[in-house]
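Heads up, the chain below is alone and in the form predicted alone; it's given as structure tokens.
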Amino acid sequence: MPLDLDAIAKLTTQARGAAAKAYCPYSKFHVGAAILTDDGLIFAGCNVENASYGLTICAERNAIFHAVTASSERLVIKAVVVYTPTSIPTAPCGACRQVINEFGPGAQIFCVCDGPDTIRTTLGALLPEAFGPHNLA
């Protein structure tokens, strides 16, 4: 079921707030993400870089891992909003797509920016034929 505009606006506000807290001294690329769980909870995260670049965590995974820690039930992601303070929207990287798939293979994805464009898609469109727990049976 598609999200209503109020839900998208609330997630976008959370993602923008998270992006403002990003630790990105190397790339200077602030990213914020907010996820909506199937029980209506919102979790936000920002990117946190490291001098050893492989240890950097993306905003999407930061939000998801925060949700896993806070959830008492198995996490199910309904939607993800990714915000970048850029003129064009930025979609999640491959690693983030795979982690979203772990908890939300049917998730709606919204990538927003300071420009007029928005990417509105699904995880299935971003990561077709994904590997995950739902196809291990």
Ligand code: THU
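Each residue number is its position in the shown sequence, starting from 1. Everything numeric here is computed off the predicted structure, so don't read it as measured data.
There is another form of this protein, the form predicted in complex with this ligand, and it is not shown here; the text below is about that form.
Tell me the stretch among 101-109, 66-74, 23-31, 36-44 that has any heavy atom within 4.5 angstroms of this ligand in the predicted bound form.
-> Within 4.5 Å of the partner lies stretch 23-31.
Tell me, yes or no, whether residue 88 is in contact with this ligand in the predicted bound form, where a contact means a heavy atom of each within 4.5 Å.
-> Close contact is absent here: in the predicted bound form, residue 88 is far from this ligand, nothing within 4.5 Å, heavy atoms only.
Could you confirm whether residue 58 comes within 4.5 Å of this ligand in the predicted bound form, counting heavy atoms only?
-> Output for residue 58 is yes: heavy atoms within 4.5 Å of this ligand.
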